[in-house]
Each structure stands twice: as structure tokens, then as C-alpha cells.
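Presented below, as C-alpha cells, is a lone chain in the form predicted on its own.
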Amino acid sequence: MTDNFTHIQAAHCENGVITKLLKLAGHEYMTEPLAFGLGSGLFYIHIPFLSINGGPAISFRTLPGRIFSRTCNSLRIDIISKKFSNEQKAKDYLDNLIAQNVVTGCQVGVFNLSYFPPEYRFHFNAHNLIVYGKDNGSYLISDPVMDNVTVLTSEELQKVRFAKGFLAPQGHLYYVKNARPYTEELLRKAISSGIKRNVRDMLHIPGNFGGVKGILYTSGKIRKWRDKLGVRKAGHYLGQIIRMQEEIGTGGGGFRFIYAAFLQEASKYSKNERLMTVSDEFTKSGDLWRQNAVNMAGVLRGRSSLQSDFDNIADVMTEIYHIEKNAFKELSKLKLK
């Protein structure tokens, strides 16, 4: 397996790991957008009672591991997913898989990944990579956000597998146990269930800080941050949103583009042209998320500091709320095969 392993680069780590694992299991049609959409990966949440790195706790994706489990369940693929309380048992379990040539996904913390540039090493514990072998005691790593394969020493891999803090990985690993043959009928059903679940998560989640309502919640908070926190701290909070959105794997704008690509692929399998129309709405949303990151960076870097600048950022976020709410409502009306 080591000699024949081909690295796949992806826009997002978990999607990339899933795509590679399923391709190895015989599902050659799998793409990053399909993996993301079948797993209902698009999400938004702003947790008011939690702080990360001194800023708001915001995520643009579902919980780590959910995309993999949902995608595989919808395709009737048997998987193994394990966490560990004992570090030595976690190492022994992974080594045993490697000895059997089982390519394995691992959840890790970013901060101590030695091959990451220093500026990208944040305390973020929901990163995913593939371990596909060992060489002279070091582990062979395929990280989908990197250009090429790399290595981690045994000590380095243990450290990132057992990083501390929010969403601590606890040695989490996962792999395909058994993959049933693919049929287009099964894939169409998986697409339908993936879309329905994402509609539920974005439109009908309880409370006002998750799903599309969470986007509106953040918009309201941003309007108050300048007066409540002061320009400097408010800028730090906006910087936290940028980091969570663009830099460390929660994929704000990028996830909208991936979801748009998923709907385009889904339209071909489901033969429903309306999916293409809704896809355009998520592209618009992605463009606005990216533009708003630039607006927030202006405040963070001191180029903008007026209340009107904060109001403009909040206004764009409100516009995003309406676009995504209407797009998911349109998806809820579709009758997919």
C-alpha cells in the first residue's frame, strides 16, 4: 500500500480524507463535493457561552467525524471509528492497522503539526489527516491540505492525536471496514437524504445561534462589539471569525463553494435542473463570506474603525442569512429521486 499510495489534495481536510478512503474502498466516483454534501457538512453555529483563543466560538461545519460517518452510512459502507483514553493503546491500535495495510484517518490538533508553517499553527483540534504507513519508525502522512505526502515522528503523531482543549481528539481514528458495491440508485438516495438532513440542520435546529439563525445572531452581536468591547478587542473578535472562516479548516466561504459544487454534481445524478439554480445561490453566499472577511480584516488591521464599518460587516452577514435561508427553503421543496 505504501508504494502504491497516491496523495489527494483537497480544499478541506475531512472531505479529502473521506474521498481518499472511499476511493481506496472501490468508490472511484467519489469527489470532495460529493463527500461533503452526502455528509451534510454545511453548518453554522455561534456558541455564546464558549470562547476559543480569546474570541467567539464560531464554526462553519458540522462536528468532526460526522461528515465521514454520515457519508458512509448513506452508502451502506461499514466503518470503524474509535477514541482512546490510553495513549499507548491508541498507538498500538494504529500500528496494528498499519501492519495490515489499512489506510487510516486520524483527527489531530493543528498547533503541534511540525510540517505546518508557524503562522497556521493554531489551537484547533478538528484537523484530519491520513496515516498510510511507517518508515524507520516515523509515520507516513497524507494531509489533504498539503501539496505532497510528509512524515511525523512517533512522538509528534502522539502529541497531535492527544492534543488538549476544545474538541480534543482523544486519539480518534477511523477507517473503512467493508464497502458494498456502488449503484446509482443508492447514490441518488444518499444525495436526497444528505440534502434533507442539511435542510434540517440549517433551518430547523432549535435556538437562535445555530443554522441560518446563527448567522443573524452573529450579525446582531457585531453591531454591538465596538461600543461594548472597544475597537481593539472588537477587531480581535472579528479576527477570530476570519481565522475560523478562512484559515483553520472550518471553511466559511470555501464550504459554500464546495456545497455549490455538490449541488451541481447532484443535479446530474438526480436529473433535477433546479439544483443547478440553487447552486448559484450558494456561490453568491460564498462570495459574500469572502468579501466580508476582507471587510473584517480592515478593522483588525486598523484601516477601519467607525461604527459604520461594523454596521457594514453586520449588513453583509444579514444578506448572507437571507440568501442561505431562501436557498435551503428551495431545497426543502424539491422532490428528489
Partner chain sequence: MKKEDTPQDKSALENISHEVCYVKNEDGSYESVLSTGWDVKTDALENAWDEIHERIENARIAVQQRRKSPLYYHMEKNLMDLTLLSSYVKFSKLRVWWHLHPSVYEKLSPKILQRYAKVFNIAQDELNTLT
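Residue numbers count along the first chain shown, from 1. Since the model is a prediction, treat every value here as computed from it, not as a measurement.
What comes next is about the form predicted in complex with the partner chain, which is not displayed.
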Among Ile222, Cys72, Met202, Ile258, which has any heavy atom within 4.5 Å of the partner chain in the model of the complex? Ile258
Tell me, which of Val278, Ile45, Ile52, Leu300 has a heavy atom within 4.5 angstroms of the partner chain in the model of the complex? Leu300
Is there a heavy atom of Thr283 no more than 4.5 Å from a heavy atom of the partner chain in the model of the complex? yes
Since only the chain is shown here, I'm wondering whether Gln9 would be in contact with the partner chain in the model of the complex (any heavy atom pair within 4.5 Å). yes
Met146: heavy atom within 4.5 Å of the partner chain in the model of the complex? yes
Determine whether any heavy atom of Glu119 comes within 4.5 Å of a heavy atom of the partner chain in the model of the complex, and answer yes or no. yes
Interface segment, criterion being heavy atoms within 4.5 Å of the partner chain in the model of the complex, picked from 120 to 128, 100 to 108, 191 to 199, 222 to 230: 120 to 128
Counting only non-hydrogen atoms and a 4.5 Å threshold, tell me whether Lys159, Gly165 and Ile242 all contact the partner chain in the model of the complex. yes
Within 4.5 Å of the partner chain in the model of the complex, which residues of 284 to 304 have a heavy atom? Give them in sequence order, or say none. Asp287, Arg290, Ala293, Val294, Ala297, Leu300, Arg301
